[in-house]
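Provided below as structure tokens are two forms of one protein chain, presented individually as structure 1 and structure 2.
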Structure 1
């Protein structure tokens, strides 16, 4: 089974070819200075989806997601709070990891930190200086963009746009040159490292190149991140990595489109830059947020609304009821089936550029047909195996509400009693559920269970 994925560099959907013993996948991770917001998590969830699909399709992926723990924001935060850089960044990293667990993200195979790879970054910068791709100015080191003729091929920006997006500095020879090493400033306090170029710290872009090259080598499978990283971050990564090694960097570039909230760009000034904690405070679950952020195609901008979270809740409840019914009809859990089943087209859609909207459409169409005509056991056994694969790929395999099987059976029995207009029996079952600590709410397509506090 091969996966097809859009490649930002070539601007076309390409088949991902297995390469070597393990398929290298690098995703730019969080900067540990504050809460990750739901726009950040759209990218991390799309990367989690790709990681899961790569594993299920037999690519044997090795997933690296870095942590940026030294940059202007982390240094300023540590100085402001009067704590060490490690104490400041580890606090925010712990919160990020907690959010990842809640959203059911699989941990990466490797999670390197910029501070822990200073030696590799300094060595890479020295190589670029030795090869005449970089120059020093007053203790800082800059990449000379004019020496790299392929610069701009990923973002496809013209010279004027490249200059407009450049880092501001009076030390550089050209506006578009970017920092590899930043000279120490008094405001940095005790946060600096010694190097052949003087004391200071690495630039943001060199961090990812050094860590990707160390753990994945040259010419690895996929490099991903949010679309906002395409320029300048990923453009700069390509230039400095390929200039240093003389070989291609990543073979495939994977970018996730931005997230809007109620049709507007997310920003603190508009008060719509939500964190997971804020979503939970409004009464929604992390799994409902996961569904809402994955339901749109990753390459299309997604408009997030609280109505989409409500729709996610109903969709997850329907999927969970169907999965439980399918497991009940199958009778036992079985290994993943190899023969064709009616859910196979949904898996095909996921493997075709991670088309989750198409996959979910096919899933719900199949669920509707099975609600009208439940499968017999032989069919259910095969369907259950494929269902497990789909729910694992989407990350919905964990029971979002953690409903015990016996509670689900009581709820199903009550639904049958209501359909038979046996309201006395239905009322008795409601009381039984409440005695076990569960409230049940009747809905247009069945019911909703909620744990009583």
Structure 2
């Protein structure tokens, strides 16, 4: 099965052509200086979905998602707290990873750090200087945009917009030139690296080029990130990578539209953000957030509301109920199916530019049909196997929602106690569940269990 995906460079939906043994996919990762907000997670969830779909469709993906651990914000944070850069960034990275686990994001095949790739970045900058695409000024090195005639092709901005979007610095030759290496400033304290260009640190863009080229080769499958990275980050990555290697960089560019609040991009600078911890404090689960963020098409901006989490809860409950029913009807444990048959329409929609809203529509109409005409045992075995495959594709699979059998039994017992109006027993069962780390909440049609963190 081939996947079709919108490519920002050609502005077309194109088939992803498999190549080589592993299909390289690079997604720009978090900057480790604070909590990732749920807007960041919209992008990482869409990347996770693409990774899962590539794997299921047989592309054998190799997924790289970096961690930006050196930039103005991480350096300032470490200085402010009087700790090493590593101590500062690893704290935020640990929180990021535990959010990723809660949201059921698969770990990437490789998660490289900028600090761990100084040699590669310095070598790449040296190549650009040697090939006359870059010049040094007062200990900094800049990419000379006038040497790269394709500059602006990805973002399709005109010259004036390219200049306006560039970082301001007094010693560049032209406003649109961008930093590859930043000279040391006293405010950087003890955080600097030695290089042939003087002491300092790499600019942000060069890290992704250096790490993508190292792990995925000069020319690889898909490169992605949030829409705001299109310019200048990805435009600069293309210029410096292609100038250095003389070969096309990523074959396909994948950009995820923003998560918004009241029509404005959710961002740290606007202060209109929510973290996963805040969503959980309001009583919603990471899985419900996963559903709500994936349910909108990744190319459309998505307005975040608590109603959408509420709707996600209802939808997941229905999916879970249906899955349990299938499992019950099947009566035997079966492994995940190796292909789709009755759920093929939903899978086809996912493979067509990750059209999750369409896929979910098709899933629910299938669920509805099966509720009207429950499958007989033989059919249920196949349905259950396929269901597991689809839930894995969307990351709603049971592992993440897995409730241990004994916990389920206690919850069932408590439900019976409540129905019998034996509230003392129900309360004692609630306490037992809590002691095992599970909160229970009563709902109209039963209960809901949630792992306490």
Ligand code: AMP
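The term rigid core refers to the most C-alpha atoms you can superpose between the two forms while keeping them within 1.5 Å. Residue numbers count along the first chain shown, from 1. Keep in mind that what you see is a predicted model, and the values were worked out from it rather than measured.
Remark: structure 2 matches the stated condition (the form predicted together with the ligand). When the rigid core is held fixed, the Cα atom of residue 283 travels less than 2 angstroms between the two structures. Once both forms are fitted on their rigid core, the CA atom of residue 426 lies 2 Å or more apart between the two structures. Annotation for residue 23: C-alpha shift under 2 angstroms between the two structures, rigid core superposed.
We note a C-alpha movement of 5.3 Å at residue 271 between the two structures, with the rigid core held in register.
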